[in-house]
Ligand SMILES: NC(=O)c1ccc[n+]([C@@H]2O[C@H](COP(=O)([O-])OP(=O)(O)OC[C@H]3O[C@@H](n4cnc5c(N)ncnc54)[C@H](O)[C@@H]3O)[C@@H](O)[C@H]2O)c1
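Just the one chain here, the form predicted on its own, laid out as structure tokens.
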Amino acid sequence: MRVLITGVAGFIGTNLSLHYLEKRHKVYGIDNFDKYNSLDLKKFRLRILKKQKNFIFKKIDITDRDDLFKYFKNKKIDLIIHLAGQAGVRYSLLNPKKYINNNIIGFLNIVFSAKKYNIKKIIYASSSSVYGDSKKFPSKETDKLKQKNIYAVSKKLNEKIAEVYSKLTQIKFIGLRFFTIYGEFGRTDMFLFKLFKSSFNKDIFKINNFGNHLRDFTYIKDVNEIVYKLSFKNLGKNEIFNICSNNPKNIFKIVKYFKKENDVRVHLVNKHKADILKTHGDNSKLIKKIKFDNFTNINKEIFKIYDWYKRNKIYKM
């Protein structure tokens, strides 16, 4: 199978690429190397990908439709996994225009490219943030959505675009509402990697809302298996899945568990206005469709990931 992964130099893009390559599929990867996240970290991930057989990279901005159309020509791609886009809940309050360009116009350009070149399936990244500060848990795919920031709005619009074009084209869409993905190759601004850096450098680790956040942490290797299974599953024209462990954890308790074997100085601070108090997804639809229910507990992997972190100097720069 020929797979195109957009945002390939990102956290999830890198992990999924390695997974498909291990399964001996051909992976085309594109990324625009946006400066929002560390360029050195993206280059580090890409160096690892380029060592793999059957991986081909091209620097492309998905907001440029003409460039995308040229790129797709003669590729004969079977599947698009669309992960490119502007991340960051808090940053969306400062620069909403970037989210419109990257997350909405960019997504439309991917859809138009798929339509033009007769690509039958798009798996795309949505987010648990579309649920907002829900009071009903666990969150189900059929729940009423209450977005509270521009990032979440852009992800919900992606879902609506998929709904419309699943009816107007022959493309099948699968939306992935990711719930706090963690693991190797993660971004430096993610909870675990900030915790690791504070411990390694003996800095103070600040926890918002005095540590009372609950997050439905989902291990990246579980995500790899889930997306891979979905890519071969014959589903409806437009499907949305919660990608979650259905096992929310208290942030402060995870830090306390980490402190059993590692020094870290903790400072509790007030809640940030953009933060969501709790995420907890219902994964029963996912389990029913792909028969995957072996979700990893974060306590089982946290020390292994920290060892991986310490072996990779790029994270400590």
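Please read all numbers here as calculations on a predicted model, not as lab measurements. Start at 1 with the first residue shown and count on from there.
One more form of this protein should be noted, the form predicted in complex with the ligand, which is absent from this view; the next part is about it.
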query	finding
Proximity to the ligand in the predicted complex, single hit among Asn250, Asn32, Ser284, Gln52 (heavy atom within 4.5 Å)	Asn32
In the predicted complex, the residue from Leu277, Ile60, Ile48, Ile56 that sits within 4.5 Å of the ligand by heavy atoms	Ile60
Residue contact check: Asn37 to the ligand in the predicted complex, 4.5 Å heavy atom	yes
Distance check, Lys42 to the ligand in the predicted complex, heavy atom within 4.5 Å	yes
Contact flag, Ser127 vs the ligand in the predicted complex, heavy atom cut 4.5 Å	yes
Any non-hydrogen atom of Arg187 within 4.5 angstroms of the ligand in the predicted complex	yes
Proximity to the ligand in the predicted complex (heavy atom, within 4.5 Å), stretch among 207-215, 233-241, 149-157, 73-81	149-157
